[in-house]
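Below, in structure tokens: the form predicted alone, a single chain.
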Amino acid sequence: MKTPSEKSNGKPVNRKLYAPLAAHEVELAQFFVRMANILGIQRSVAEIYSLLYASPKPMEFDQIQGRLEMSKGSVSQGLKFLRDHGMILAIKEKGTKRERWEPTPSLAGSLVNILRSQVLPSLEKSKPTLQNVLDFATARAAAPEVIERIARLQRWNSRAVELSALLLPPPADE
């Protein structure tokens, strides 16, 4: 890996130094990364959310990038994902152009947004696929055990979609 001076062809790099993550911030990041993994969310997104969640004050882009030692692209994409899913808020102070970021007040609300935007669409899109798999297995005279497993998976998927409507609060726009 190249050092910053090697990346800049020996020219001094004017980069502000940021404090490394504290032990509790690292552990919190590991927790959020594990949870994000379950939901299929990128590690960098979880790390950004974790840093904002542990911060007592809103953070600027450069602070996030510096503390996490991430590329600008990763931070930008991560903030966009978090903002689009209602997990963070942009704060602008009077007289400044820079946005600062903080987590939304409700972690439960953020989780519901993720379930609605990531998990439910996947379950709903799976309905026709599972039906096609079952039809194909039946037409090809697959073993009865296999057909029953696929039918059970199809029922589970349908129930998960149905239960989500009962378990998750209605979207804010309803």
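Between two forms, the rigid core is defined as the largest C-alpha subset superposing within 1.5 Å. Numbers for residues come from their place in the sequence shown, where the first is 1. Note that the structure is a prediction, hence the values are computed from the model and not measured.
Same protein, other form: the form predicted together with another copy of the chain, not shown, and the subject of what follows.
Taking a 4.5 Å heavy atom cutoff to another copy of the chain in the predicted bound form, the contact residue among 113, 55, 42, 65 is 55. With respect to another copy of the chain in the predicted bound form, the three residues 119, 143 and 150 uniformly fall within 4.5 angstroms at the level of their nearest heavy atom.
None of the heavy atoms of residue 155 is located within 4.5 Å of another copy of the chain in the predicted bound form. Contact annotation: residue 22 falls within 4.5 Å of another copy of the chain in the predicted bound form, judged by heavy atom distances. Residue 133 belongs to the set of residues with a heavy atom inside 4.5 Å of another copy of the chain in the predicted bound form. Using a 4.5 angstroms threshold between heavy atoms, residue 103 counts as touching another copy of the chain in the predicted bound form.
With the core held fixed between this form and the one not shown, residue 143 has its Cα displaced by at least 2 Å.
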